[in-house]
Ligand SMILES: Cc1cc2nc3c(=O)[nH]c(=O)nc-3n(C[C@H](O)[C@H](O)[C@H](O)COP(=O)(O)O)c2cc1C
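One chain comes next, on its own, written out as structure tokens in the form predicted alone.
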């Protein structure tokens, strides 16, 4: 083996100065801190690797795992990777505008933050940082029914981009659910998202092995993992243990965290029926999206009830391990409803190219979940803003590489999609 050549001090200084100016790094510019981060975390997978080391193991397992043996999670990513788009050349190259209009409102990119239950497990206070980053970037942020920060507080942080996701709470003729709808509207939420795809909670072995409960029932292992994750523990001291903040008032006066968790486990259950979808459609005087659609027939049924948006999703592989990858049913759903409703996509998005793939197959925008959680785990409160910048830049460069002037134009390109499902 040859010994590496030494670099004299003068050359080292030249290289360092060029590095700080972005001169020796493809596509990297900005402050020294930004340049360092881009080099350390050029992809979402790099954020994931650092999050695994930086947060307690039980927190990472909650975020990273799926139903069963995680095969649904793996298939989502593999199916996206299999989608190929044929570029066209010969046009003048300019930076394509990324603005997209969803339900009558303009957003800065065809990218949104998907609803996530208890993201505070990966980073305490997560919803605050997600909402703040979404507001600054002008992309949709979907607050969850089982989130750790109340919808009223998130409405104050993200008044222009807030959406609200609702689970089914059937007791007392859906009294709590209809009150949540009222609260979301009063908080300024722009879109109501009804989640259809959780009729039952499936087994997640990685959570079971860690004995993960909310509120935490600390084991020796959990104490050790928290103690060896000092930045995470400091955030926990600032924000407290995750709890189901939106549901606290329905669990009873002065309910403890354990009682709120018990209420949530008992009351949040089942999938919305079509009659119930119609009732919530009538109760909300703005756009309504149904999330979890995988069959074009269900999409058509939703549209017939006046639903404004269809979110094609298999819940990130977290509930039914045997469900098809979201991307493989997207074209059939988009074709079935045409321009009768807006098509959204989520399920495995970890790059800007994945967003472009979804656009090419019929979606108007794609929403990411785990990518934002990995960023929180790796970078704390700075993570959401960082991953928004990372993904939007990847969307822009992907569109330029494909030779098209806007996100809409990607649908005109030739796509090879070997996993696409056909429906009679």
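Positions refer to the first chain, counted from 1. If you're wondering where the values come from, they're calculated on a predicted model, not measured in any experiment.
This protein has a second form, the form predicted together with the ligand, left out of what is shown; the following refers to that one.
Discussion item. Only one of these stretches, 234-242, 126-134, 330-338, 140-148, has heavy atoms within 4.5 Å of the ligand in the predicted complex; which one is it?
Written reply: Selected range: 140-148.
Fill in: Residue among 96, 287, 324, 316 with a heavy atom within 4.5 Å of the ligand in the predicted complex
Answer to the contact question: 316.
Worksheet entry | Contact assignment for the ligand in the predicted complex, among 55, 375, 368, 358, heavy atom within 4.5 Å | Answer to the contact question: 368.
Discussion item. My question is simply whether residue 348 lines the interface with the ligand in the predicted complex - judged by any non-hydrogen atom within 4.5 Å.
Written reply: Yes.
Practice prompt. Consider residue 246 of the chain shown here, and say whether it contacts the ligand in the predicted complex, taking contact as heavy atoms within 4.5 Å.
Written response: No, residue 246 stays farther than 4.5 Å from the ligand in the predicted complex.
Worksheet entry | 4.5 Å heavy atom contact, residue 116 and the ligand in the predicted complex | So residue 116 counts as contacting the ligand.
Item to complete: Could you confirm whether residue 291 comes within 4.5 Å of the ligand in the predicted complex, counting heavy atoms only?
Response: Because a heavy atom of residue 291 falls inside 4.5 Å of the ligand in the predicted complex, the answer is yes.
Practice prompt. Let me know which residues along 165-181 have a heavy atom within 4.5 Å of the ligand in the predicted complex, or say none if there are none.
Written response: Sequence-ordered list: 165, 167.
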